[in-house]
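One chain is shown next in structure tokens, namely the form predicted alone.
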Amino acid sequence: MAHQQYQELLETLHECMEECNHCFDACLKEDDVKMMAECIRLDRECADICSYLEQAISRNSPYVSELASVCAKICEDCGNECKKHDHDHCQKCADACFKCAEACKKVA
């Protein structure tokens, strides 16, 4: 399975990783960082698994399906946490996470 087959997923993973990294950084600048702790933690988890799955696809890993399943779960959890916060960066991140979770489920 060539990674061209996963081109749309690769783009979605990359967008999600970027939004999570942006949200992570913006959350650290919020007045009440402690309130954002779970959001920050999940942003990191999500960005890391999206990046890892992107790499796994590009090297034709035999574990793409399993990794996509885990990625979908983490993306959903991150999206649900971000959705709780009114900040624009959290809302954009949540949208990217939910989109990515759906894309991952198609491969899982």
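Predicted, not measured: the structure shown is a model, and the values here were computed from it. Quick note: we count residues from 1 along the sequence shown, nothing fancier.
There is another form of this protein, the form predicted together with a further copy of the same chain, and it is not shown here; the text below is about that form.
Among residues of the shown chain, Ala94 is not one whose heavy atoms approach a further copy of the same chain to within 4.5 Å in the predicted bound form.
Although the partner is absent from this view, Ile49 contacts a further copy of the same chain in the predicted bound form, with a non-hydrogen atom inside 4.5 angstroms. a further copy of the same chain in the predicted bound form comes within 4.5 Å of a heavy atom belonging to Ser61. In the predicted bound form, a further copy of the same chain sits within 4.5 Å of a heavy atom of His14.
Taken together, the three residues Asn80, His89 and Glu102 all stay farther than 4.5 Å from a further copy of the same chain in the predicted bound form, as judged by their closest heavy atom.
Taking a 4.5 Å heavy atom cutoff to a further copy of the same chain in the predicted bound form, the contacting residues in 60-75 are Asn60, Ser61, Pro62, Tyr63, Glu66, Leu67, Val70, Lys73, Ile74.
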